[in-house]
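Just the one chain here, the form predicted alone, laid out as structure tokens.
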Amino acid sequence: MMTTNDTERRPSVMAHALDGLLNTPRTEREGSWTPEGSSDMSDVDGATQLRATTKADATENRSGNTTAIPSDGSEDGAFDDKRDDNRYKKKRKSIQVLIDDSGKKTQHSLTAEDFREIMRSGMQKEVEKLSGKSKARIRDLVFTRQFTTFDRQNPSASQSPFHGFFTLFWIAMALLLTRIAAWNYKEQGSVFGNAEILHLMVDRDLFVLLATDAAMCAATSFGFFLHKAIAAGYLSWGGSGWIIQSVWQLFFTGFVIFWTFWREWPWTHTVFVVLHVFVLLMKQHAYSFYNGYLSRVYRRRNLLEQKLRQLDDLNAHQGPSPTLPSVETLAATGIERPNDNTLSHRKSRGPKYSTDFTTEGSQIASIGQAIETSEPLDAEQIQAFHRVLTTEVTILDEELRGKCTTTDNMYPNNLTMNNFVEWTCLPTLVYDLEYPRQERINWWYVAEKAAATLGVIWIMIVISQAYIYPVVIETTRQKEAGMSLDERWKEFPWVVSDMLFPMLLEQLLSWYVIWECLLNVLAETTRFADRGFYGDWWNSVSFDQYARDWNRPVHNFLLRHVYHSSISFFHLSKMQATFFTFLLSAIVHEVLMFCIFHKVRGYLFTFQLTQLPLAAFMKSRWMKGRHTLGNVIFWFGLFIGPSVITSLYLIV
């Protein structure tokens, strides 16, 4: 316990510790679970990777809504006072804490050790902040068990006060289809009309399209075989491995895009193949670069184990040894504490992937060099070196294990064809060694979502055929008839107005069929329990919130492999990394437009980048607290944006 004088001398430390309790970021949701244990951050592919601790850590952190900051192993005398300890033990051993979250009350017991760890972590964070050593901790994805918002398995969906509007929407869609069918029958004698879009989809190269997609999926196994070679020691990821993978990814994407041009496919085929190639590109990158990071950790772990074996073979030098580092140096730097067994709270004392002790410049490297050169070591040094290396190997083992509950998927055991095929089918773009899973597959649910997928696709075809296709054909006819650009510009407002509502409907339906229907089919068939494919983006008050919530799988990929990687690898600031992420996303969207319209105009690219100043404006003092106005601006942009962009590509 801290004395009253200690508290008075360090008010900012106490305030910060308590502030950490109140402002801890939540990682759980209602009706969801998170993996046991606290978390620590490690560098992955130049990015950051959340590493779950062992079950022993989970027993120490009993408060489910408190995120403990791992200690660096340093001690604070305020907590080592035995008299204070004894005085505290005479009091209550624990207290009851009542946590009220979203109407669900839970009770947790906090023991003396819990409070000691919380206060120690808070003060350590404050000291680092005041000394300028505080480093931003970027929290990575934590997979949890949850359902999508509109899923009938989600209790909050059926109990939502807006559930009736969801029902009304689909009734309106049914009535709209009925009206279109009646009009087609009146004008053309068939409820299906001419069905030009359907003929585009099935009349030409359908089997070539399916064969191309199958070949694309098979080609992604390149990364798997590359990592088998790396694990066998033929290559190293830090040497040529990442270069080979990067070149392959460029070739893979470029060849598929070239193939769509060479086959002269219609836009229906092109959209499907190009979107899928981008998905497979992200899957390959996530798999290869995460396993590449683990391979470097694995090589370092093996190297340190080799040094341990060499250390065991050394004979102790009689008398004090002149070899550095000395035991006193290790103790002074905090790297060696013989009486501290909390290995899970220690941070790695060197790069977790370095295997070159000559350039590393850490105490671990000094120990490794001393062992490698067989310099004389006294008995105390040998014992200290052994404890330090054993601790470091334990930390690296935890890094290799990741969030696995067993060692079966621990690297390199995860490099199997079954694991790779399973990863390819999972509805996520962030590779991990283990995910939360359901116990069984509900095949009735799969049939329901599969039927919904086909049904919504049919609705999209009908709406496109009735309201969008005629506008596109007329605009194309005007260009082919030689109408000047000035004359076409006069038609621009009418083209936009004709496509406003159809394009909004197509955008909503395409989002629903992918993120609610198709991904849930994949999740159920693979027993993937984390169905957090989207957030409540319709309530967005800024465009950056929309970018985070409407497509969670892609957002999580960009967060780990673009945003975090650009900060660590290119040493960009957070603002620069944000711009780089949006820039890359805008380029990818413009490439898709190029594949569809076979021309580069940059309209979608420009509109994508305008989200940055709009996001900054919505966070300004003029918009502070005006959530309704922010939501109106968001919906206005989403309403007119697709029709304006499409009209620009058609007219110009």
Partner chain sequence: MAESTSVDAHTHTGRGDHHSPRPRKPTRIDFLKPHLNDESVKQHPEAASGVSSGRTTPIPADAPPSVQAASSARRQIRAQQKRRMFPTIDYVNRVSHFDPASDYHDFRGFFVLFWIGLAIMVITSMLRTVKETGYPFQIRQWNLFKEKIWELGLVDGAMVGSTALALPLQKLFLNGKGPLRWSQLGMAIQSIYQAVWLSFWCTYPFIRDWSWTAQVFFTLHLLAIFMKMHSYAFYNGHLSEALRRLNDLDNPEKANKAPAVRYPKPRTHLHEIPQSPSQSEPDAANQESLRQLREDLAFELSSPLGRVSYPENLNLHNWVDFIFCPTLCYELEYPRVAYIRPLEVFYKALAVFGCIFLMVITTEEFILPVLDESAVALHHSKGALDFSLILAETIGRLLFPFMITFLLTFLVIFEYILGAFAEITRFADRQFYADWWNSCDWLEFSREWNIPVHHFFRRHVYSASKNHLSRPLATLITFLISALAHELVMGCITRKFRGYGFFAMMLQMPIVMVQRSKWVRGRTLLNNVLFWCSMVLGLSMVCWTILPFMMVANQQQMCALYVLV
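Residue numbers count along the first chain shown, from 1. On a predicted model such as this, the values are computed, not experimentally measured, just so you know.
Just so you know, the form predicted in complex with the partner chain exists too; it's not on screen, but the next bit is about it.
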The partner chain contact at F261 in the predicted complex, heavy atom, 4.5 Å: no
Contact of F150 with the partner chain in the predicted complex (heavy atom, 4.5 Å): yes
Exercise: S497 in contact with the partner chain in the predicted complex, heavy atom 4.5 Å: yes
Exercise: F162 in contact with the partner chain in the predicted complex, heavy atom 4.5 Å: yes
Within 4.5 Å of the partner chain in the predicted complex, all of S158, R179 and W538 (non-hydrogen atom): yes
Option touching the partner chain, based on a heavy atom within 4.5 Å in the predicted complex, out of I171, M575, V247, A229: I171
Contacting member of L200, L504, L314, V271, with respect to the partner chain in the predicted complex [4.5 Å, heavy atom]: L504
Location of the partner chain contact in the predicted complex, chosen stretch of 543-551, 388-396, 182-190, 294-302 [non-hydrogen atom, 4.5 Å]: 182-190
Within 4.5 Å of the partner chain in the predicted complex: residues from 619-647 (heavy atom criterion): N631, V632, W635, F636, F639, I640
